[in-house]
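Just the one chain here, the form predicted on its own, laid out as structure tokens.
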Amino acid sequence: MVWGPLTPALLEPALGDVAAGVRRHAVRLAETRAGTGNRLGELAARLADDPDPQVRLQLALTLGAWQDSAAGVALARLAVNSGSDPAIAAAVLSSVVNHAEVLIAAVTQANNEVREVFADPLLDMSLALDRRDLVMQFLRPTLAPADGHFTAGQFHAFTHFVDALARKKLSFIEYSETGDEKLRELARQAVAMVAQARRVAADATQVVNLRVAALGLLGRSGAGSATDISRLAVLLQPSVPGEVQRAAVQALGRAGDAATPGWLLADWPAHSPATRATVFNSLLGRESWALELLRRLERGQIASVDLEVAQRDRLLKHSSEKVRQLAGTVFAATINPDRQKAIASFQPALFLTGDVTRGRAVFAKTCATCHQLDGVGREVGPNLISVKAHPPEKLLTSILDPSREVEPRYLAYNCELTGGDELYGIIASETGNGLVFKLPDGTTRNILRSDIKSLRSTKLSLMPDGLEAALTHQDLADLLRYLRHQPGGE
């Protein structure tokens, strides 16, 4: 048999073949062969709704090589209908350069799920390429109120845009002043949005999600930012919904005012545990604020028992030597720095009879904030089903001296950002241009590498020392029994 060249005439029917594998390979082979005089591009574009995800994935990758309008429409269709698939979403974004206008138009009109996947990377790309036309394409629907009122989605979308500019050390006013009159007109609309955000945030009659969205625009540089501080501080009281309180705490932290620790700690006893955690995280973002927290603990204005073990541990492992030293002094009476001494003191627990039911309760109280077992807890550290075969002695050491043996993927890192914030957590995953940081509360944060000022391993486990302060010998015996009471564990 003599083989001839692979022609468009051979590929065209393959794009409609009943076998998904044939269609997928046909799309890949058509990538360099579509053009005038054949229908390869047209036929391939029709596969945007193909039932096979591998075909759609290959199409998303291939469309970036084509510049015709049909390819752009097909790519937009893939984004809207298949963007929930992470692999297809990544492929769509890899093909966006030739079809940015069409894709942005589709994303800005799509549902919230699609916007959440594509809006930020498309906006970052537009800013990186200095494509003001694309930026304006994003902003027009965002800054166009319906009947004079902005929605929560519009507040969120503009907040994301302002954050993207902040990473470039720019405000929207500064950015718009370098553009044409159309961009300056959008800046005037943005001023109106921020003014409305201030009114909405303070209005107790507004729904909570709208107030929280509005608060994302407060506490930023620009006209009125100084008075934002007092507006935000008023929201830190028990009568205000918890979600609004915590959004106000984050806005105060974003403002970076020297008086922020005073506002955040003024009514500490009245804060719920969730709000306290948000306050604590904000204060740890800056060295001077963390020191102020410790000074108040030192003076007895805040009781050390008000901080969770993990929070005390974060202060003891802070990236700042000043903070670590002061924390060591403040917590000297509550945290035993000698882990071996703690292990020795709990040896009697190894000779007690443990109870599974009581041990499950100890786990829920002491361990579930960072570990998961039997469907209970947060999966920050490893799922403890992995320790079921460990002998009691090893488990005792791991609980009381967690940094003695720790897998590299569970080592804690301090990450300082160029904006001054500091994060503490584990690196959940890495990409070419960023990290996914998992924080001690189980939430994650995406960090661009360009925003990282420093990244340092603590050489320590994220699991805190000092858990024994809340345990009796019997508690630990019960916990050991529960951890090993699994099929194949004993």
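As the structure is a prediction and not an experimental result, all values here were calculated from the model. Numbering starts at 1 and runs along the sequence shown. We call the rigid core whatever largest set of C-alpha positions still superposes within 1.5 Å between the two forms.
Separately, the form predicted together with heme C (HEC) exists; it is not shown, and the next lines address it.
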- request: Determine whether any heavy atom of residue 467 comes within 4.5 Å of a heavy atom of heme C (HEC) in the predicted bound form, and answer yes or no.
  value: yes
- prompt: Can you check whether residue 381 is within 4.5 Å of heme C (HEC) in the predicted bound form, heavy atom basis?
  reply: yes
- prompt: Is residue 89 close enough to heme C (HEC) in the predicted bound form to count, meaning some heavy atom within 4.5 Å?
  reply: no
- prompt: Do residue 370 and heme C (HEC) share at least one heavy atom pair within 4.5 Å in the predicted bound form?
  reply: yes
task: Please state whether every one of the three residues 24, 43 and 103 places a non-hydrogen atom within 4.5 angstroms of heme C (HEC) in the predicted bound form.
output: no
query: Here the chain is shown alone; which of 410, 268, 289, 172 has a heavy atom within 4.5 Å of heme C (HEC) in the predicted bound form?
result: 410
- prompt: Pick from 30, 435, 55, 462: which has a non-hydrogen atom within 4.5 Å of heme C (HEC) in the predicted bound form?
  reply: 462
message: So if I measure heavy atom distances to heme C (HEC) in the predicted bound form, which of the stretches 385-393, 208-216, 150-158, 192-200 falls within 4.5 Å?
response: 385-393
- request: Please check if residue 380 moves between the shown form and the other one, taking a CA shift of 2 Å or more relative to the superposed core as movement.
  value: yes
- prompt: 2 Å or more on the CA of residue 77 between the shown form and the other one, with the rigid core superposed, yes or no?
  reply: no
query: Does residue 441 move its CA by 2 angstroms or more between the shown form and the other one when the core is aligned?
result: yes
query: Between residue 258 and residue 439, do the C-alpha atoms lie closer or farther in the predicted bound form than in the shown form, with a difference of 3 angstroms or more?
result: farther
- request: Quick one: in the predicted bound form, is the Cα gap between residue 439 and residue 272 smaller or bigger than here? Answer closer or farther; it shifts by 3 Å or more.
  value: closer
